[in-house]
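Next up is one chain by itself, shown in structure tokens, the form predicted alone.
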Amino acid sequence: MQDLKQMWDKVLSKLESMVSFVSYELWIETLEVLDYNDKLVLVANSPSAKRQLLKNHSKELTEAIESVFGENTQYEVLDPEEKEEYLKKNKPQEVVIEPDESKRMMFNPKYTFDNFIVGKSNQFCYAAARAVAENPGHKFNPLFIYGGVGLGKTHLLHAIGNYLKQSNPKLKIEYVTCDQFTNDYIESLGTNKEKGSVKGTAQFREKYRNLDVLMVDDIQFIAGRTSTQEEFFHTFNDLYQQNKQIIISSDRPPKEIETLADRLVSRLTSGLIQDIQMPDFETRVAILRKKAQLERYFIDDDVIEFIAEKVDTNIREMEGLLSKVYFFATLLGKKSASIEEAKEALKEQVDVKKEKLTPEIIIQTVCDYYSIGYNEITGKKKSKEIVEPRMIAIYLISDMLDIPLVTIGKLFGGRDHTTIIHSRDKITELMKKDHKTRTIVNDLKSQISEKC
């Protein structure tokens, strides 16, 4: 069985690099190996975990298992009830492999306050998170953190959790994604129907309404889920009235989450709302240096600055490029990654993208985003629904491409360079003070990058 454990650990190691850390912790790391005879039998920790795993990661699971156990290895994933049935029929003699206690932890030990790089873009959010961790339920309740993908929201939630687990292990803490909260609620309704009682809902409420700290990641996905919003509203009220800490993260502030009930918006805005902005160049450099230190990468300083210049909207992407450069250097037998290895390793992500990117791609992406025609945005119309997208398109072309202002003007119906300057500067100023504009621009940049 020890050999089987070692093999399964290798599968987990491969899967950790193939899926997001949230998916890994929620659906994969919690898997239990029950049996291995003619096939590998795994057990998920709930029916919803099984569904999510098979729906979203069956390809990665198959690939990882076959790479360790051999091609065409069959496997089956059971939920807890199916496990009991399996044991009754098969009664395996060997002891099953239980996940290590360290793997039961819901918080990633890598995400702490100590290794969170603080800069101008996130210093207030960091301070608020730290204050909540030191005095939960009494300061900044609820705490609502929002910002773009890969800017550190989840890191802060895990840092709070790790701090609380260390300082007060007796606290009842639950960290869930919005999808997991929804799935747990749906599963409780299914239990009611199957057993003809309210047992499922009672268990769900027992789980979520008797906590000291509730953390919900990516709450924006609750939009449009009326029943889930209703249940979350009552969960929120119960915890809040007991002075229990509630921490929420989202990619946008509550008022910008579509179809969110007014009374829920009111609850979410009753505490502190704090955003994480894009890190400046100095902060990006510091983040990369910290990453290299933690992972024991030997990276030249000019490589770190090179990557920090190329990626300015997503910390995860930036760290991924750093790992790729170091891995490429090790394949070449180098002890340290130099700028030459960096340019070679990242030529597809950096140089090729820039070569493929054209003003037309940017304009069309903006048109698709706003559902307007190409001729409308480049034409003479001056209605509000056209002017704003036009200015954003002009800003993006100016920011992402090295093109003369006169040339940009010609793309937009022959407008002169002063009009182009006005549009560019207008969006630049709006991005400094208006979160909605920042979100739109960042969303568009991500979509444009995907097309190239």
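Residue numbers run from 1 along the displayed sequence. This structure is a prediction, so every number in the text was calculated from the model and none was measured.
Below, we refer to the form predicted together with adenosine-5'-diphosphate, which is not included among the displayed structures.
In summary, among the residues 115, 168, 201, 135, the only one with a non-hydrogen atom within 4.5 Å of adenosine-5'-diphosphate in the predicted complex is 115. For the options 304, 125, 315, 377, the residue carrying a heavy atom within 4.5 angstroms of adenosine-5'-diphosphate in the predicted complex is 315. Contact check for residue 161: no non-hydrogen atom falls within 4.5 Å of adenosine-5'-diphosphate in the predicted complex. Proximity of residue 209 to adenosine-5'-diphosphate in the predicted complex: non-hydrogen atoms within 4.5 Å are absent; the residue sits far from the partner. The closest non-hydrogen atom of residue 150 lies within 4.5 Å of adenosine-5'-diphosphate in the predicted complex. At the 4.5 Å threshold, heavy atoms of residue 245 stay clear of adenosine-5'-diphosphate in the predicted complex, well away from it.
From the list 257-265, 234-242, 284-292, 361-369, the contact stretch for adenosine-5'-diphosphate in the predicted complex under a 4.5 Å heavy atom rule is 284-292.
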